[in-house]
Each structure stands twice: as C-alpha cells, then as structure tokens.
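Given next, in structure tokens, is a single chain: the form predicted on its own.
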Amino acid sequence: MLKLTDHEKAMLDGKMGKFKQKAMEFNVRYAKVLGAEEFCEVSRTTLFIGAQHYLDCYKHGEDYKKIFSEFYLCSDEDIELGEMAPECKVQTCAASCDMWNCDKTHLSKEYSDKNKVYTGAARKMGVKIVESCTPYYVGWVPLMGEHFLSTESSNVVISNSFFGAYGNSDGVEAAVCAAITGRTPKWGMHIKENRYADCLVRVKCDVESVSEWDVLGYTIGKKLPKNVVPVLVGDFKRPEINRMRQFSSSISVSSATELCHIVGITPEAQTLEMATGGKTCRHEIEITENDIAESLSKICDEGSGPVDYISIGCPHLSLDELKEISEYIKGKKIREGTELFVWTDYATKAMADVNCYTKDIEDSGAFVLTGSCPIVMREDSHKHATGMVMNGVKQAVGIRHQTKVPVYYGDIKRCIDAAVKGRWEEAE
C-alpha cells in the first residue's frame, strides 16, 4: 500500500496546480510498478533535457509545452509549464550541442536555435542551465544520505559510491517529475539495506593512472554478476576524484552498477565489514592483467592508422586536466585536416579562460568546447570522420554504434600526439 504525506496528497489532488499534479500522477504510477511503499524527498537532480535527440520524433517548431506535456508528463493534455520544486536543486546534464559553436561541431544553426528555445523554457521553470556530466566540479555535491536523481550514469555511480548519497539510475521522465515534485519512489539505492556489498572484487593488477582506472571500471563491469553491489579490495594507491570519475563512467558502460564500494575510500566502506554489513559476500571475482588486456582489445582497434577526429573529455574535464593539456600542447600544432575537441563545462572553461589554459590549447588549432560530446551530439557531428581517437572508455565504446571507422583509445597525451601527427600509433 502506497503511503502519501499531506503534502504529496495535495500535489496529487491538484491543489498545487496541474503541473505538479501530472508529475505526481507519474510518480504514483511509477511507485506502484516498483512496489514502493512511500516516497523520499529529493534535494538534487540533473536532467537530460533540451533539444535531445530522443525528441527527434517531434517536428521542428512544434510547441514545447505540447512536447513537455506528452513526453515528460505523459499527458495527452497540454499542461501550462510551472516551476520546479523549490526544495530541489535542479540543473541540466550534458547537452545535445555546444551552445555557441554549432559550426565547429558540424551541427546546423537551426538545430542550435531549437536547443536554445528548449533550454530557455527549462530555465523559466527554474532549471539551472549547466550542461555538465560532471556536476560535482561546479558545486552539485550531494552529501552522505542525501537523496538525488541524475540521468547521467557516471554521476549516479560517483554520487552513490564516493559521496555516500542515495539515488538510482532513473529515466528522464522520472527525473523531471522528481524535480517538479521534490519526490521520488523510495526503492533501490534509496534504501540503506540495498546498499550493502555482496560481491567481493579483488584487484590483482597495477592501477594508478586515470586511464588505468577507466579500463579497470569497464573490466569489472564485464565480470560482475547481475544485480550485485561490488566492493573493491587491492594493493592500489588511493585514487582521487578524476580517477573515480573515469572509473564510475566506465563501470556503468559494461554493467548496471549504481554503487561500487572501495574499502577505505567510500563513505559506507571504511572497512570491508562496514561495506558488507557484516555478511559474507555471495560472489567473489578477481581482476588480473590479462583481464585488462582483453578489455583494451575490445575498447581500442588494433594497429596504427590515420585519424582526423580526436575527442578528449568524456566525462567532462576538470580544471587541473585543462592545465595539464595546456602545458603539454603548448608550442604544438594540430595537423591540418585533423580536429581536436576538448570538452568541459561552462564554469570550468571560464576558469580556464582566466588562467590562459584555453588560449594555449586553442593556439594549437584545437577547440575547447562546452556541454556536450560526440555521442550525445550524434552522427551529424562526426559522420565526416575517417578515423577517431577517444580518451574515455564510455566514448570509445559508445561511438561504435554511430560509426564504422576505426576507433582508438588512449590517455590524454596519446590523444594529443595523434592529433598533432594525424595518425594513431599502436603502443609497443
């Protein structure tokens, strides 16, 4: 039996307007399907909205009120757009294009203008336009025990695992309705008892760099049994946020993991006993150097070859990484006919501008762009490419569904080297 508070009943009965009523009706249907007994209060959300390609079924110029009503509120009636819940901090996730550089990314001005109309409507509803898949770099940091919703899979893992916040990998409609009402069904990772580890992962390989943590996450995800919460143990150096970003991104590519404990690092896993709730894990797996090598063979195409499309920044880069890129690329020139895109968020780029990192990078012929990435922009942005290089496992794996050209994977410096030479060289 689903229990509602007086506040929730008021929304459902339409006492707070039809906008919140329709969102609450969605929440109730969702809760009943899940078997949830109550709702929890959501204090943070990120929304994958704007002119995203899942809305391509709608005609250009169609009224956004109708689109929002049908797609997000699941209503046949056109609902007047209202405001997001005041108690919920709401912002946009990755965008479908760079807001100011559609020409550099091979997208039409018509499409860019449509995105501005859609995001403008979202802004009037109280959504902050941030366009970031790494919102924790710009202040979106849920604290331990705080309930959140995010449509970015890597953000779900990092928020659950390394901030100790409570959230699930919900869809865009569920996230939007949670943002409108400040409520979501209490199920899955919103419940403490579901967060204990039941799969012990012994890491028996060297892992230190950002790229090594990236490949490790993908490798673990491939070997995990279904419906488990893993906990990692091993003789590795304590990772920092950029490594955990890549790890969280790639483990969510190869598995449905929403929470991964690392003993001594994650808030709920200061000890193995704490991570498991004192129980013995039902599963145990090992990750070896051979497992890592097998993963690399799937992520990166074999051999060497010409490349003309290089993308760095999946997930979006931090300020310290932009500094490292500026130092490494200074004095170098991107090969003519080759494109190098470096992706971050608006706020981080503004800081990079102030510190002259952007200038150093763009003096080489590369572009520092914001808000999006090749996968989210889809085929129109990269259909001209004859060879691609990516620094993120998520991008390197996902882009294969959108292209038939060779796709190579490597760390940031190898990506820059490939852009300068116009060629990918296989590691010896």
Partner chain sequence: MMEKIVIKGRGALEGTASGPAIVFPDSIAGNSGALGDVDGVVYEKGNINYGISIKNAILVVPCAKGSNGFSAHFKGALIAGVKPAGWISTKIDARLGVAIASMNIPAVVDFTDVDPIKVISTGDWVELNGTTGEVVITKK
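Because the structure is predicted, anything quoted here is derived from the model rather than measured. Residue numbers count along the first chain shown, from 1.
The form predicted in complex with its partner chain is left out here; the points below concern that form.
Interface residue among A51, L369, I375, C40 relative to its partner chain in the model of the complex, by the heavy atom within 4.5 Å criterion: I375. Of the candidates S112, S153, Q91, T105, S153 is the one whose heavy atoms come within 4.5 Å of its partner chain in the model of the complex; the others do not.
Taking the partner from elsewhere, E173 is found to have a heavy atom lying within 4.5 Å of its partner chain in the model of the complex. Taking the partner from the other structure, its partner chain in the model of the complex has no heavy atom within 4.5 Å of any heavy atom of S297. Using a 4.5 angstroms limit between non-hydrogen atoms, S96 is distant from its partner chain in the model of the complex.
In the model of the complex, S311 stays away from its partner chain, with no heavy atom inside 4.5 Å. The stretch among 353 to 361, 130 to 138, 317 to 325, 253 to 261 whose residues place heavy atoms within 4.5 Å of its partner chain in the model of the complex is 253 to 261. For the stretch 1 to 37, the set of residues having any non-hydrogen atom within 4.5 angstroms of its partner chain in the model of the complex comprises F26, R29, Y30, K32, V33, L34, G35, in sequence order.
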